[in-house]
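Just one chain is shown here, as structure tokens, and it is the form predicted alone.
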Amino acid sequence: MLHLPTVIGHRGAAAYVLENTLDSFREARRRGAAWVEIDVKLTADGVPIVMHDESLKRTTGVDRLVAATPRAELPAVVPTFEEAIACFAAEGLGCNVEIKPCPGREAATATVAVQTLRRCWPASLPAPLLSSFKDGSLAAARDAAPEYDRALLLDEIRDDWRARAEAVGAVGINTNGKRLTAPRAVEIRQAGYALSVYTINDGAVARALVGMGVDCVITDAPDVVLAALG
């Protein structure tokens, strides 16, 4: 069964530092996180980078689509996936790698991401967890690198959750903590899946979710949640 830390820093420590940047990953570590969660997508020339949105505008101010921007023209604050992995090695950080493809690049993004992990991931760190909202990305990751554990990302747990998880060989479910119900949490845990929730920044809510059986809380403020969980 998949073993995760109780707390993972969401896009680093996004409550304090610009998300999905090397500084944010270092800040998460400084605030006690043992793992971070990041988003990986491809540039126009197929380089895997760490970025959540389809556009660069919200986080960098540059009004361009990631899929239309080559690596050489990215703002300096946006790290490549390889640069992020080097940072994790230096900081001793594990990682939940969310495959976040631009439209139409579901399989390609997954394949490049796992190829990069195979080439660059240090043996000194725990094996990464791959997650995605896109079933096609998880299936491609399974086919390209079955050795990496996978988690299905779901905004809401519907009745088909287990069939979807089995179809992509997932061993974990990552879901919206604000929408998770106790019966669904019990159902997932009894079925043998690791259960993670995003994005919970309130300590009392985190405690309640762990009390429901949640294994891992993904948070913008890892220090706050760590303190609340003791």
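Numbers follow the displayed sequence, beginning with 1. Quantities reported herein were computed from a predicted structural model and do not represent experimental measurements.
What follows is about the form predicted together with SN-glycerol-3-phosphate (G3P), which we do not show.
Checking Tyr198, Tyr193, Trp35, Trp161 against SN-glycerol-3-phosphate (G3P) in the model of the complex, a heavy atom within 4.5 Å turns up for just one residue: Tyr198. Between SN-glycerol-3-phosphate (G3P) and the residues Asp202, Glu54, Glu187, Asp39, the one pair within 4.5 Å by heavy atoms in the model of the complex involves Asp39.
Exactly one of the stretches 96 to 104, 143 to 151, 77 to 85, 112 to 120 approaches SN-glycerol-3-phosphate (G3P) in the model of the complex with heavy atoms within 4.5 Å, and it is 96 to 104. Heavy atoms of Ile218 reach within 4.5 Å of SN-glycerol-3-phosphate (G3P) in the model of the complex, making it an interface residue.
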